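Just the one chain here, laid out as structure tokens, in the form predicted alone.
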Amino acid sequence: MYNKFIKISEKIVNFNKKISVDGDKSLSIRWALIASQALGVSKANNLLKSEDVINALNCLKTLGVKIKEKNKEIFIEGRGINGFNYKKNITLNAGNSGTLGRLILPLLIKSPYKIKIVGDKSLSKRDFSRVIDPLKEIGVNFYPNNKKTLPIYIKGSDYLRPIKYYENRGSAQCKSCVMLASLNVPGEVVIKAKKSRDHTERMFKSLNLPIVLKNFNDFDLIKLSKPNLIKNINFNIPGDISSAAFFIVLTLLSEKSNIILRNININPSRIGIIKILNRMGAQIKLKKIRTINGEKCSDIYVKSIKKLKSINCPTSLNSSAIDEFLIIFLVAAKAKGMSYFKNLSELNQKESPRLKIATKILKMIGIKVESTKDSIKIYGNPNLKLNKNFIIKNYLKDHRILMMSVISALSLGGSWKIYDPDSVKTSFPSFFKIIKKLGGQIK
């Protein structure tokens, strides 16, 4: 219901807890898509049960993939590469998920029929030309021809060709789109990609798919060949660092509090938030480090801290913290001095124009902010304490804006009315349950 809201009028009291967060969303969606191309039955433990992942499973079911759940495990029966059961007049709904919307396309490039891809209001505003253009170069057909947003139709081809693709945005979705397309493309596909999340590369490697990866300072060079088959992939999916980030910051900004976040994905391309916050004075520690299906995981230890310092954030950390900048900005609001974050235009290509909305929220709580279309300066106030009334609404139901607002209310005080709480179901269904476990009072 559009007018649904929650109220928070009390700061959280000190806590000392061990918690787990929901499974990693990026890994959950990628596992489901690649498992659909495998031969045989793949199994996942701790698959994220968010709306985005459920939409991914529903899309696969529409394409004829058999999916079962038993004892909290998900089983996907793949029929091999391009093993979908294509029918006429298929519509696939990606909901709010840019990852699903962009990564389902390269698996459809052999479809003999037009397939309609749709999304919700927010996703339908986002740029799909970034994946449409390289797929067109490979030989895929899109209708209407010049349309760059959803809804859109895709039709495959029997005349696919390998390409050399330069990904210069630092977008893991763009890179992964071309990587997944290579599963059906004859010849060698070459990608020169600006540094970004490398979950797809790690999954390809763990499956022994034909991939050659060379890492350079500013970019990665990826060479891919069409595999004969993909073996089934069983995955124990670790917790999502993007979800853990909200509780990391809640702990830092609360008084005399400690938290241990168990079994979290600490993929090096995802832990920019930890590097940034430690530079700002946090003492976040990683313990019990291990590797699961090519992904590094650990327990994360965090304790509250009184003195935080500002940061001139290196742009080299941008891609590894792109989904966490909203909550990082909140830390900067409590830090001593001016923090500067730049080259963040990609933030406005997310579920909402996050840089603009974050600027608005920070100003609303009394923080001096200077922002441009791709940068933000935050003049922190270490003594920031709120006692006014605040209303958060009309943020395009962006789940991360919602969660940032909740953490603001619990750590800074004031009386808050926050609309559209169900938006957390997109990525983190147990968010409020964990908040209550820590002692947060939400009405």
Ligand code: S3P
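All residue numbers are counted from 1 along the displayed sequence. Everything numeric in this text was worked out from a predicted model, so none of it was measured.
Separately, the form predicted in complex with this ligand exists; it is not shown, and the next lines address it.
This chain is displayed alone, yet in the predicted complex one of Ile266, Leu123, Val302, Ile322 has a heavy atom within 4.5 Å of this ligand; that residue is Ile322. Of the residues given (Arg130, Lys275, Arg262, Lys360), Arg130 alone sits with a heavy atom within 4.5 Å of this ligand in the predicted complex. Though the partner is left out of this view, Ala172 does reach within 4.5 Å of this ligand in the predicted complex, counting heavy atoms only. Residue contact check for Lys397: none of its heavy atoms lie within 4.5 Å of this ligand in the predicted complex. In the predicted complex, this ligand sits within 4.5 Å of a heavy atom of Thr99. Proximity of Arg197 to this ligand in the predicted complex falls within the 4.5 Å heavy atom cutoff. Look at 38 to 46, 372 to 380, 22 to 30, 413 to 421: in the predicted complex, residues with non-hydrogen atoms within 4.5 angstroms of this ligand sit in 22 to 30.
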